[in-house]
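Before any questions on binding or motion, here is one chain by itself as structure tokens, the form predicted on its own.
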């Protein structure tokens, strides 16, 4: 067991960090808002940690700065975009992510320009990463189980019904934007501590694709689905190579496309939803067999 953890420590850390990024995207999706702004906040959180580390601040302070800055920017973004829906909102948030990347490139010495900031001294252990992931997972689960979570379900599924019940859909979505941004900023800050470097590519389109793929593959109807999606997407390239399939870096985009296509067609609720459906089907057949 110890050998497994020591030989796969980087993979485990990456899964933990990207699970938080998947949570960030999933929060807005579960509120009925197709927002990918969590990726931009991922970059903002990472740079906030890197800049605070450069000024010899405590890592916890740097992480908190990343969370607060990301939440504030997300709130301002929500004021502009909260009336948008569907693909229009998705495109607008992708544009926001691209603007973040451009701002980081042209930030001069403050952001390190195209090279970014490297040599970050703050570090975090695998245990600490999974402790943060467990805490965030519990808080999101508890939030969903409460009245706020039920209100979000109504807003996502039937806005006229939400309005008739006195639920302010726009306020709910603004809060989802802020929470999504805060979690994205947290993930980015932890990623910066894990890697020791940040760059403008943290807000690039490939990161958007990875974040959305993790949620779709795992299943955005459940927080556990995001964890499954993050673990699979981060492990799959290494797993394919371990099975002797070489050159996967050249074909990884094709694998992404085929995987998403398969999930969309045969498992629209993701792997977790597919497994749950399979379990229900097997239980029903077992019950029919016993009755027969």
Partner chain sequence: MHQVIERDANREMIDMQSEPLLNVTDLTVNYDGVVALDHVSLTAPAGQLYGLIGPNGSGKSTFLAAISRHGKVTEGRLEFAGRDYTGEPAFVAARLGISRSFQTVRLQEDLSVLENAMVGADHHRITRPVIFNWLRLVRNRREEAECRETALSALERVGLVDYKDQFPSSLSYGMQRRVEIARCLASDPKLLLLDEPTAGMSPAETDDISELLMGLRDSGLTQILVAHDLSMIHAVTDHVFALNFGKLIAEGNSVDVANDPDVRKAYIGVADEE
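Source: prediction; values computed, not measured. Residue numbers count along the first chain shown, from 1.
Unshown form predicted together with the partner chain; subsequent notes refer to it.
- A residue is said to contact a partner when one of its heavy atoms sits within 4.5 Å of a partner heavy atom; residue 143 meets this definition for the partner chain in the predicted bound form.
- Put simply, residue 133 is far from the partner chain in the predicted bound form: not one heavy atom of it is within 4.5 Å.
- A residue is said to contact a partner when one of its heavy atoms sits within 4.5 Å of a partner heavy atom; residue 138 meets this definition for the partner chain in the predicted bound form.
- At a distance threshold of 4.5 angstroms between non-hydrogen atoms, residue 125 is out of contact with the partner chain in the predicted bound form.
- Shown without its partner, the chain has 175, 179 in segment 173-190 as residues with a non-hydrogen atom within 4.5 angstroms of the partner chain in the predicted bound form.
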